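Just the one chain here, laid out as structure tokens, in the form predicted alone.
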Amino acid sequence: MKRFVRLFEALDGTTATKEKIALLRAYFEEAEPEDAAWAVWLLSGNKPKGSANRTRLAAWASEEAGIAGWLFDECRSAVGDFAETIALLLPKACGSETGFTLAENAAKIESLAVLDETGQREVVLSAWRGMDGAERLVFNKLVTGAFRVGVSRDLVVRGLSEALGVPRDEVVHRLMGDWRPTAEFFSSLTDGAPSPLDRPYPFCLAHPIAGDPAELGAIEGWQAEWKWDGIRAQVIRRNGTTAIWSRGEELVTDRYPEIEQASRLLPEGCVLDGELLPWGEGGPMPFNQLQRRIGRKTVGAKLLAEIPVVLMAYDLLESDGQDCRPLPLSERRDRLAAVVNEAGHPFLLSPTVAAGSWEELGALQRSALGRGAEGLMLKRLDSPYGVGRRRGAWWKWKLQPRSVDAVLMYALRGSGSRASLFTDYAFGVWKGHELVTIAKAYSGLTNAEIREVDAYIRANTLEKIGPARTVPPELVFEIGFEGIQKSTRHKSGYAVRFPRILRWRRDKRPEDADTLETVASLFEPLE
């Protein structure tokens, strides 16, 4: 635990990317495999399954420190951080548990999920009494679900890659999907043990195009497709079983039974990349129809009939058990067409959009809305299937580019009939490893979504700053706006006009949200 705490403090004390990578590499080289696995898991944004109610933690800490509850509240107001307040107030450790590892302390936290209040109190107090102040701080952040430090998943991958001597893209692949932090798992990262049969590939992502597409070169070198408004997913058919993974690395097989059943017609050792779309007799249905199915563990017959789903297939990542990603797009496309045409509905081949010039393609792009699409995707015909968001090969050319995916940072109560609910939200985009506020919005969610977000805010409040409640950077929303201008009043340097929530991006992880660079690329001086 002490080694991990030193890593936490060191990472928190520097903004230099190279230094952070070096710190991560050193930790992964020195730590025991199980501790290293937990470090990867936690630094990638995951949380231990167990937790303790903050009210209980405050009461236990007050009792241990011998102070009244009101004084704890005053101290918290002065310190500003719940976990740090407890770490500062607790009496000096007696050292009875000094030496427990990160993995052992994580196991204690996860045990809280099955214990009653008395059992939780015993575990937490025992841990506190055996830790110094720095260890308590990290432990408290873990036990409250508030642990975060200024490293992205990409930096963790780069540190791991250097420590293990494994190529970066391969590390990303081995970390995909649902895995638990064990010594065996960490060892598999090094020895290249076979991945589970349902393990997805890292998704290849596109950058928004900011300038004239003609700057990409001759149009003959590019493939254009419609950009559909659905949920990005991979359908994996291996060893007689099917797995459907969302882009957010969530296993959603049970939620799309029509896709799972039809996938039995796919050849063995096949992985398709595409978009899950609600699809009626006339073509694509609005995304808000698909939202009626998102988040449901089971889908009833009535909803299946009302909102059938197809997979609009974009790419073939695996064929006959062989990785196709290094092949050029043109060859992958030919193979994909053969697979999809053989399987049939609900697998559809994403149609290409033919044009003899960029001007002609631009006219077609402007007709996207009438086709139920958001715009166009531009993909270089000779490009391999990359890992993550790499510039140059894939671009998204949206019909209405003035929207960004942003992370919920804090919220305030509404007014009138919404006075009892947290409905006024502040959203941020990434500036390096920091979120900076880009917009405040309160319209666009359904009543059910508002209640769900309100419950999340109440359960996950990190700090109360006046009327505002800050929350962990976990929920992603697409924010639309009419215009954008530079502003010295906002930390991001920009202010948007008439922001509103377009949709809750449940399919995206926080690190998938847009960057300040993307916001800057959308800037145009207002008339």
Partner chain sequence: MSDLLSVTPSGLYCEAGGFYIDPWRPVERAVVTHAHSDHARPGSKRYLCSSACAPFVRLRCGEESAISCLEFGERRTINGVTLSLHPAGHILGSAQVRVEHQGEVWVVTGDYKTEPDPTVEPFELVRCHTLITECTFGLPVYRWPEALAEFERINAWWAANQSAGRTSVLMGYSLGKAQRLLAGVDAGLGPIFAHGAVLGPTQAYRDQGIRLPPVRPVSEAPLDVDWPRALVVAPPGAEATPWMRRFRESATAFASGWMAVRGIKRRRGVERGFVISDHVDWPALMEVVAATGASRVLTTHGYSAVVAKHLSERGLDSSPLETQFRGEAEEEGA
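The structure presented is a predicted model; accordingly, all values stated were derived computationally and were not measured. In this text, rigid core is short for the largest set of C-alphas that superpose within 1.5 Å between two forms. Positions refer to the first chain, counted from 1.
There is also a form predicted in complex with the partner chain; it is not shown, and the following applies to it.
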query	finding
Exercise: residue 92 in contact with the partner chain in the predicted bound form, heavy atom 4.5 Å	yes
Partner proximity in the predicted bound form: residue 468 to the partner chain, non-hydrogen atom cutoff 4.5 Å	no
Partner proximity in the predicted bound form: residue 78 to the partner chain, non-hydrogen atom cutoff 4.5 Å	yes
Partner contact for residue 67 in the predicted bound form: the partner chain, 4.5 angstroms, heavy atom	yes
In the predicted bound form, the one of 350, 223, 161, 85 near the partner chain [non-hydrogen atom within 4.5 angstroms]	85
Listed residue (154, 170, 331, 74) with a non-hydrogen atom within 4.5 angstroms of the partner chain in the predicted bound form	74
Partner-facing stretch of 512-520, 499-507, 20-28, 5-13, counted where any non-hydrogen atom is within 4.5 angstroms of the partner chain in the predicted bound form	5-13
Heavy atom contacts to the partner chain in the predicted bound form at 4.5 Å, residues of 136-154 in sequence order	137, 141
Rigid-core frame, C-alpha of residue 275, shift of 2 angstroms or more between the shown form and the other one	no
Exceeds or equals 2 Å, Cα of residue 450 between the shown form and the other one, core fit	yes
